[in-house]
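A single chain comes next, written as C-alpha cells; it is the form predicted alone.
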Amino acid sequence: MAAEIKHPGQIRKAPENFLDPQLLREIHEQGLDDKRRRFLRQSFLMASAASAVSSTSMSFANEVGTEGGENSAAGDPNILVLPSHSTTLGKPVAQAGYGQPSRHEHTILKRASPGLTRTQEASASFTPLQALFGIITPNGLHFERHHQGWHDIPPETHRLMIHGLVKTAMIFTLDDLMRLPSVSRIHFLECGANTAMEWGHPSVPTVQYTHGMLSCCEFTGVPLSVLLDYCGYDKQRSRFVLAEGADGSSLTRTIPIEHALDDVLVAWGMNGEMLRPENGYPLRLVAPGMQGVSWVKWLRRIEVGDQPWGTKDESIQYIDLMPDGSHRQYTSIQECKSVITSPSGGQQLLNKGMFNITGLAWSGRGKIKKVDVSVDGGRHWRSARLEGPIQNKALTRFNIDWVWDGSEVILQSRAVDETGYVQPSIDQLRKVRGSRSTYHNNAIQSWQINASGEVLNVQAY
C-alpha cells in the first residue's frame, strides 16, 4: 500500500454547468426529445473540452528529494516560500451577516432541471453530489422540487389544522408547536422522479443530474404521533392521514397511519436553523423513507380518515405505468439504492494509480447493511467500507481503494439494506416494471472509464 500511495491518481472535475440557456428554455417549453438529447451530449462535450486542464504534479511527487518529482531538485516553492497570506493580517471577524463559502468554491451550485418539467415554477434543481463529503447536505445546496413555485410565508400568520377522525379538531401556531417536546433526526429526502431520465437511454452526463434530486439533513420538529394523540385520533377507524401544503397547487398526499405514527415529524428546523423558504418554511412534513412529494412543504392541514383520498397529486401524478397497462399507485417507499459519486460521469482520470471510489447508499426501509463495488461491469464485486454513522433512513457514505491500470472499466455499486433487499440492475428492474415508468428507478448506476480516463454515463446489463 505504501508504494501505491506514492503514485496516487488524479481526477479532473466534471464541468459544473454544461447547459446552454437557449437549449434549457427549449427543453422547458417543448420537452426532451432525441434531437435535444443529442444537443445535451454535444453541449457537455464542448463544456468538457473547455474545462480540460493538463495534469499537474502531485504533492507526493513534489516531496523534497523524491526521485522523479518535477521540482525535486529545488523543492516545491508553494511549501518553501511563505505566501503573502502567511505574512500579513487577515480579514476581521464578521460583525453581522450570514457566512458564505470560499470564493474559490463559487461553481458548487444547485443546477436547473434539463427537461423534467416545462415551467420554472413547477420545476426542480439538483444537488451537486459529486462535490459533497460525508452525508449531510448544506442547506444552500439542498435540491428543490416545486409544483407552483415557493413562497416566504410569514410565520406569525401561518397555521396548522388537524381535523377529521379526531375527538378535538385543533389549530396550532408555530409558537404552539415549538413549545412541544421536539426531536432531531437525520434522514434522506429523495424525489420519486430521481433518476427518471435513466429509464431510457442515458441523457445526462453527471451524477448531479442523474441522482441529484437527493439530499440528507438533520430535521427538528415534533413527532406527528404526539399531535395526533393530543387531538385524540380515532384508533379504531383511522387508516390514513392527508397532508396539505399552503402553496398555490395545494399539494396533498395520503400517508398510511402506521407511517404517520412511526417516525413522521412536523418540522421547522433543518441542519440547526429554521427551514428555508424553498424547503417549506415555516413548517413541513418529514416522512422518512417516503418519496419527496409526501414531505409536504408549507404544511397547513392534516386530516385523519379511513381511506385514501385519491387527490390529483396521487391519481394523475407519481404513478408508474406497468407493462400490462395498469398503474402502480401509492408506491411511496424509496427502495434501497446507491451511486458512486467519484469517479463519476464527466470527470476524467488523468493518470494511472490509486483512487478512492466513494459514493452514497440509502434505503427507505431502514439502515444500509452492505455496499459492494464492481470495476468490471458487475462480474466481480468487493465489499466497500461503510463510514459511520450508519443511521435509519439516512444516507450512508461508502469508500473503497482501487488501482487503475489504464484499461477500460465499468464502475458500479450495489447496496443491500437491513431487510435483505438487494439493489437491482436496470435489466432486472425493467423485467418487472418495463421501460415506460417515470418514478422509483433504483437501478444500479454504471460509469464507464475509457482508456483516456474519461468517465461516461452508460447502462450495463
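Numbers follow the displayed sequence, beginning with 1. Not measured: the values here are computed from a predicted model.
Beyond what is shown, the protein has a form predicted together with a small molecule; the following relates to that form.
For this session: Look at the stretches 94-102, 278-286, 374-382, 78-86 and give the one with heavy atoms within 4.5 Å of the small molecule in the predicted bound form.
Result: Going through the listed ranges, the match is 278-286.
Worksheet item: At the 4.5 Å heavy atom threshold, is Glu314 in contact with the small molecule in the predicted bound form?
Response: No, Glu314 is distant from the partner.
(request) Evaluate Met197 for contact with the small molecule in the predicted bound form, applying a 4.5 angstroms cut-off between non-hydrogen atoms, and reply yes or no. (result) No.
So, in the predicted bound form, is Val293 in contact with the small molecule at a 4.5 angstroms heavy atom limit? Contact with the small molecule, yes.
* Does Pro343 make contact with the small molecule in the predicted bound form, using a 4.5 Å heavy atom cut-off? -> No.
- Query: Of Glu144, Asp263, Glu335, Glu303, which residue is found within 4.5 angstroms of the small molecule in the predicted bound form when only non-hydrogen atoms are counted?
  - Reply: Looking at the other structure, the residue within range turns out to be Glu144.
query = Out of Trp268, Phe355, Tyr318, Phe172, which one falls within 4.5 Å of the small molecule in the predicted bound form, going by heavy atoms?
reply = Checking each option against the small molecule in the predicted bound form, the one that comes within 4.5 Å is Tyr318.
For the three residues Ala361, Lys367 and Asp417, which mark the spot I'm curious about, does each lie within 4.5 Å of the small molecule in the predicted bound form through at least one heavy atom?
No.
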